[in-house]
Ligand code: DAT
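For reference, the chain that follows is the form predicted on its own, supplied as structure tokens.
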């Protein structure tokens, strides 16, 4: 199975959307194999957003992502990176389709509720930044036999 990293950002946590977001992924049939609630430390913010550190918007991004707690998760499932990105919706909420997380809940690009890995390679990198191998729980959902051919 494929894995991806998802993070409910501070605005999503503050608005009480963590449970609803988890429910969407569970109802789809995906399996959470790790999760934690935390204030992101500055060193991991720099590592996670390494490609943006030199960009002019980074100070605002850093201030936002450290402004409150985030809920970090690792999910598992077939084609989960592509499917989760579709469920999340476009980065710009104004362009996100209704029914997507950002289309239903977000208003601003800068505060768009959730982060999701954009490729399998990125997922592996982001999972390793935020979780140890020991934190990833291997188990079988009781309904897996009804989810996959």
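Residue numbers count along the first chain shown, from 1. Just so we're clear, the structure is a prediction, and the values are computed from it rather than from any experiment.
Absent from the display: the form predicted in complex with the named molecule. The rest refers to it.
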Worksheet item: Heavy atoms within 4.5 Å of the named molecule in the predicted complex: which of the stretches 66 to 74, 24 to 32, 85 to 93, 38 to 46 has them?
Response: 85 to 93
Practice prompt. Consider residue 54 of the chain shown here, and say whether it contacts the named molecule in the predicted complex, taking contact as heavy atoms within 4.5 Å.
Written response: no
Worksheet entry | Contact test in the predicted complex: residue 100 vs the named molecule, heavy atoms, 4.5 Å | no
Discussion item. Whether residue 107 contacts the named molecule in the predicted complex should be assessed with a 4.5 Å heavy atom distance threshold; does it?
Written reply: no
Item to complete: Evaluate residue 61 for contact with the named molecule in the predicted complex, applying a 4.5 angstroms cut-off between non-hydrogen atoms, and reply yes or no.
Response: yes
